[in-house]
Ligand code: URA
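Here you get one chain, nothing else, as structure tokens; it is the form predicted on its own.
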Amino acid sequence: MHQASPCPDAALPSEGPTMRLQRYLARAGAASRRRSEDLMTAGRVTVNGEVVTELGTKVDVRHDEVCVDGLLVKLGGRPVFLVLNKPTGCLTTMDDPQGRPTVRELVPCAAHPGLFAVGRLDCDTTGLLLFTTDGELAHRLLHPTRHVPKRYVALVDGLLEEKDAQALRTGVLLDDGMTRPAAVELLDRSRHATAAHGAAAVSGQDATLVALTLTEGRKRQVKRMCAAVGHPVLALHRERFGPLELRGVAPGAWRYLDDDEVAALYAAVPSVAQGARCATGEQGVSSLEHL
């Protein structure tokens, strides 16, 4: 599999030869800044062979050797991007105290210790889940002002009629306010092969397959919208996230993004400084999405 990034290798920092360790890890593309702090406090970061847990510790970027879980981390490292076809029954978390199955078990965290999911999918929702070590880009992708489109295919209970679809297109009132207009398409179950389609064959009940493209990420939004028009979701699958598609990734499998896909992600949510430097995560990510 091919790992790629459109960003140039980072030069030595302009602020001098020393840098706070969590900033170094973020600048090197090892993790977001908040995730870097978590790695430090967990005792997973060493400097010159010594475990460092104190936040704010400074390193000499020219001479110190920084490792995460024994893997050398250098400035000029590129952020990691991959997509997982999340299966059902799997939690979108990197750690579950109750020992339930998580997405961490499905992606290469050993090779990329700072990897985290961009947003969330419910345990019973399948489909495209983006992972990265670039916290700043992830923050932009999830920020409510960016309106990054996400396409879902839902199997809903009953025969959803055009008037219901039109209500979804216009916006429906939920307990946290009116939803933004959504693109809605009624699908032919006999021709549309998705995880939701498979569930339709098993259900043996009257159901409708519908595609919804949202530009916001409220908690359980697709399920709440469909329930609001009288058609609860039986199965839900995410096909697209912004410019990304799974492209034949089997359930439970993953792949690295190629150069064009990574470039498209940056282009979808440009920052003021984009083009002048590579965006490496220096702030935490709000989990604005949980569908």
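Numbers for residues come from their place in the sequence shown, where the first is 1. In this text, all values refer to a predicted model and were calculated from it rather than measured experimentally.
The same protein has a further form, the form predicted together with uracil (URA), not shown here; the description that follows concerns it.
- For the chain shown alone, residue 121 is a contact residue for uracil (URA) in the predicted bound form, at least one non-hydrogen atom being within 4.5 angstroms.
- Mapping the unseen interface onto this chain, residue 236 counts among the residues with a heavy atom inside 4.5 Å of uracil (URA) in the predicted bound form.
- Taking non-hydrogen atoms only, residue 223 approaches uracil (URA) to within 4.5 angstroms in the predicted bound form.
- Using a 4.5 angstroms limit between non-hydrogen atoms, residue 152 touches uracil (URA) in the predicted bound form.
- Proximity to uracil (URA) in the predicted bound form, taken as heavy atoms within 4.5 Å, picks out 215-223 from the listed stretches 137-145, 93-101, 215-223, 109-117.
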